[in-house]
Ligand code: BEZ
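First comes one chain, alone, set out as structure tokens in the form predicted alone.
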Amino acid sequence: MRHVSRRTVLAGAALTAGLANGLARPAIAQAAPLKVGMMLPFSGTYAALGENIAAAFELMLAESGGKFGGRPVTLVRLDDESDPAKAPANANRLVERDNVDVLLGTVHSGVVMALVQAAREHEVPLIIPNAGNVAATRELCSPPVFRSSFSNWQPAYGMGRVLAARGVKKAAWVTWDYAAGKESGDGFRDGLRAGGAELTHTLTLPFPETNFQPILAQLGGLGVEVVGAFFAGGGAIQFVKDYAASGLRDKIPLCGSGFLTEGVLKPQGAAANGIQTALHYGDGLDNPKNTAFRAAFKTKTSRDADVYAVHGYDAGQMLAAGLTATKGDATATQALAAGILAATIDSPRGPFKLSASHNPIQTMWLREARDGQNKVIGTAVEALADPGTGCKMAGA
């Protein structure tokens, strides 16, 4: 028998009920609250990221009068604890027990794959507000799956393009031996190649090891002009400090994907000064939307907005665009997707549209770490789309 999803059953029931009462399905949809399941890390290492995503999504919802597509919105929060082992059960809990209409999540790439699977199997719209693993919008792309953030490939590609444009010919890449590091390294390599440069060496260590001394000892003898890196959190703090302490900083410039310095400049201290990175957001972006967003987020949370808050806010904007197109019907997957794809999202990072594989086409900004900020100093690449390799959706 053909697989029948929960969404199909619910949609059919709603239509039947509507017809029995002489009402069209959109009227039924607007009568009931829309339930959004927010599966994010609200505890542990990534709790601050999850809270900023959630707070910014709530901010956008409040700006929309508490409704998307004419329907009042109810939020169901679930702490995923950044635990991939618990992810399938958590995703199924939201869909099967809580009967959410839309999924929002998450930060950890290992956790998000359970959400992608649930969205594909049950035809529930999913917006990914951070996790950058490329599979979600490449080989596992699907009509109900969207990303409001980035693919791991994008920021590092932007950095590679900048280096090649400066005349760099040979570079090395340092990262943990895991998917995010590899996918970022692929972007760095492709960006270099696009400008005639070459990635000559890739050095890795097991995740989440932070004994960088064996790798640092090799870098000086590789004959490269620059070192690119992808680390985040505690690993990024330690690597940047160790790189400076080794004496390499003044001999071979260090750069990387924006997450090398994002959110960790304070503990990195003076060791980070001068490091250039590429990311789709940065400190000092001067546009009216960003100015208003940062002020509103500060008022709501007493915290400064960051790239994670931007992801959450834009997830709300994307969902609003899709539900406006369907008059609040979250089960109309194709029409919802068409509405999101047709929209230009007025983001604090700058306006963007989504690619055919549902990943943002966005500017990668060049940033430099200065006095505790990742100051935007220029453009790395404008309107950069992830390649969407392996995506079989129409138009991709």
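Rigid core: the largest C-alpha set superposing within 1.5 Å between the two forms. Residue indices: 1-based, along the sequence shown. Values in this document were obtained by computation on a predicted structure and should not be read as measured data.
Just so it is clear, the following notes concern the form predicted in complex with ligand BEZ, a form of the same protein that is not shown.
Enquirer: In the model of the complex, do S109, F150 and F230 all put a heavy atom within 4.5 Å of ligand BEZ?
Expert: Yes, the whole trio is in contact, each within 4.5 Å by some heavy atom.
Enquirer: So in the model of the complex, is ligand BEZ close enough to W173 to count as touching (4.5 Å, heavy atoms)?
Expert: Answer no; every heavy atom of W173 is more than 4.5 Å from ligand BEZ in the model of the complex.
Enquirer: Is there any non-hydrogen atom of F297 lying within 4.5 Å of ligand BEZ in the model of the complex?
Expert: Flag for F297 set to no.
Enquirer: Using heavy atoms and a 4.5 Å limit, would one call G132 a contact residue for ligand BEZ in the model of the complex?
Expert: Result yes; G132 sits at the interface with ligand BEZ in the model of the complex.
Enquirer: Please determine whether F68 contacts ligand BEZ in the model of the complex, using a 4.5 Å cut-off between heavy atoms.
Expert: Because no heavy atom of F68 falls inside 4.5 Å of ligand BEZ in the model of the complex, the answer is no.
Enquirer: Can you pick out, from L49, L34, I340, M38, the residue that has a heavy atom within 4.5 Å of ligand BEZ in the model of the complex?
Expert: When ligand BEZ is considered in the model of the complex, the option within 4.5 Å is L49.
Enquirer: Identify, from the list V310, L163, A180, I275, the residue with a heavy atom within 4.5 Å of ligand BEZ in the model of the complex.
Expert: Flagged contact: A180.
Enquirer: Only one of 217-225, 189-197, 123-131, 246-254 gets a heavy atom within 4.5 Å of ligand BEZ in the model of the complex; which is it?
Expert: The contacting stretch here is 123-131.
Enquirer: Any chance the CA of V310 moves 2 angstroms or more between this form and the one not shown, core superposed?
Expert: Comparing forms between this form and the one not shown, the V310 CA shifts below 2 Å.
Enquirer: For V116, does the CA position differ by 2 Å or more between this form and the one not shown when the superposition is done on the rigid core?
Expert: No, its C-alpha moves less than 2 Å.
Enquirer: After core superposition, I'd like to know whether P144 moves between this form and the one not shown (criterion: C-alpha shift of 2 angstroms or more).
Expert: It does not reach a 2 Å shift.
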